[in-house]
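The chain that follows stands alone, in the form predicted alone, written as structure tokens.
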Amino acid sequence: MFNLARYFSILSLILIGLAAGLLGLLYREVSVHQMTSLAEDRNVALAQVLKNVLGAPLNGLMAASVGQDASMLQESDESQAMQRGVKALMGGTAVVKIKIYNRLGVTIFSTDPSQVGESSLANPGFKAALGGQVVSDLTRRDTLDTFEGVRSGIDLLATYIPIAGDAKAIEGVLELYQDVSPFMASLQRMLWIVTTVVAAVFALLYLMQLLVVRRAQGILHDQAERIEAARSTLEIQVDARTTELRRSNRQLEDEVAERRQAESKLNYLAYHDPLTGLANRRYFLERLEASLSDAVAKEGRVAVLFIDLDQFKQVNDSLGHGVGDELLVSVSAALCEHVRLIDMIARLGGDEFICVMEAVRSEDEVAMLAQEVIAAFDAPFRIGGHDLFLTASVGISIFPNDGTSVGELLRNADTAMYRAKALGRGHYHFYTPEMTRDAQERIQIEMLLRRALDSSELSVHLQPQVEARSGRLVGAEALVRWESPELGNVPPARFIPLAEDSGIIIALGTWALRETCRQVMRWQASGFELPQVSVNLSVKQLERPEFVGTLLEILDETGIEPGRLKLEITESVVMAVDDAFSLLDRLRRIGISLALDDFGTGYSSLSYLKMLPVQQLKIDRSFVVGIGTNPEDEAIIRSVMALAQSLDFEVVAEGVETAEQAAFLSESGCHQLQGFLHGSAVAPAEFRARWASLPR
């Protein structure tokens, strides 16, 4: 039998519960919205009061925040003044905490000093405020550090408020935390009261309707079964359809939100560097192309500045890629903060940055911009407890004089940057056509030199080293010579520096070492024995971890005794190679002789000289040439002789060209002489022809 009263009771109770719940939720949402709006307006008003009262220390703090670490910000006069002013101004109000961020998202002030220096660059509220919007967020905290100490179980309304400067530009973001716990507690109590009243009213209506239904049930008794079946079927269908629609709507909304988020992220990543947030290569190229088109239409000029960090590789290698990435972020911030005239700045990759200056009026204006770029690196970068000092080299090309296309301008700015590096760290240079010719020549020489290593164009010449007193041959220095079919006789001063820069010096040095040892052993097999041969080493050879292994292979392959091989290194090489002392000690224990070349022209530090396992000092020819004409050079030579005697070093003098020089050196105690007086560097056949017949 259809029991109308029972089903009415169940349905009515469900509807009453749903209605009471929905009304309660609606009342809560409306109340929370009103409270949030009022509290947000109050936060904005308090922020304005804060800026009006504490404008001077606030502006000073914003200006002083650039390039300072957390401790410096906390201890600054502006921060201390802000702490005192904020506590005095906000004491007794609902505001319990205040934070201030600069444009880079760094917390430069907080009533909780431990938070100074933290980054909120990815915070959605910070991003929205940086765009000019006022954003609020209602949260509940279990604990919170406030003006009056740690508080527990507190409801907060955090409001992000943009800080505008004199030019109406957003310079930072102010975040105010307002305690809304009393209102939330009151709201909760009122919600229970409203819900109870609504439920009571609905219950009364339910009882009245129940009486009517019970009376009507008698009238509808004969239709109970049919109505029961129809209502049951209808309820099942309605519930199923409602559930299906809700599920479909949720899925559709989730898909739309995910798609929009993915599209936004992809669009950002397509045009920005994910590490620094600067424009990436793609965005830069598109922007430069548009700038050039605009310059053509207006007959204007555009400057491209190619920026390369001079010491970034050393930082990356020594401190790790994590510190390197943080350093790149700091460099990006410094460039954006210090360089005011840049129309656009981008990161091309690695430690290379590039910027565009539109509407160029004069080269002086571009030079001023380059100086500002270099000045951005005057202060050290504080990364991971390290004060890192960097410099930058800047190359400049200007449209249309230095190129009419994006590719030409980039290539020429890059070329000018390398010329700036050649001048030393922290320089800039404008592009000139001669640079392209020099670069093309370097490329040609490098290509031909690589080919020469695989052909017979290179040869080893030897210059004799004789005993100072007797003139007896005691050794020779091996020097590489290059006879190119295209370039003719290429001087070492022209191709050795290029080989150093390009890395070819490693293969070239290995070839010269192997060929020299082979020549000495060929002579020995034919009856001519050279007591000792010297070979120069590059810093890049010593930096290779496999150098000692390669040297041992050459000794084993050629059969030369280690004591007959002398390796010459310069003072600058010793200072450039990590753990040079242990490396040289390994060579000495093998039996290799070591000589310090160009002594007196480099560091000449006695603190490391006494520790070096070398046997010879080579006096540079720049001192020898002054014998007889420059008393200062003679005094230096005598001092070197005295030093060598006290440290038990042999001394070899280079560049000896006259008998007067030889006599002075011999009288001063020099052991060996090398120079044109006893012979220039010649091919092995000529060397043997001259010295094989002389007594040794």
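Start at 1 with the first residue shown and count on from there. Being a predicted model, the structure only gives us computed values, none of them experimental.
Missing here is the form predicted in complex with a small molecule; even so, the following discussion is about that form.
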{"item": "Contact check for Glu477, Ala512 and Asp598 against the small molecule in the model of the complex, heavy atom at 4.5 Å", "value": "yes"}
{"item": "The small molecule in the model of the complex: contacting segment from 654-662, 641-649, 55-63, 37-45, heavy atom within 4.5 Å", "value": "654-662"}
{"item": "Contact assignment for the small molecule in the model of the complex, among Glu358, Asp179, Asp414, Glu568, heavy atom within 4.5 Å", "value": "Glu568"}
{"item": "Partner-contacting position among Leu89, Leu594, Ile496, Leu583 - heavy atom within 4.5 Å of the small molecule in the model of the complex", "value": "Ile496"}
{"item": "is_contact(Ala376, the small molecule) in the model of the complex, heavy atom dist at most 4.5 Å", "value": "no"}
{"item": "The small molecule contact at Arg621 in the model of the complex, heavy atom, 4.5 Å", "value": "yes"}
{"item": "4.5 Å heavy atom contact, Ile345 to the small molecule in the model of the complex", "value": "no"}
{"item": "In the model of the complex, Arg481 touching the small molecule (heavy atom, 4.5 Å)", "value": "yes"}
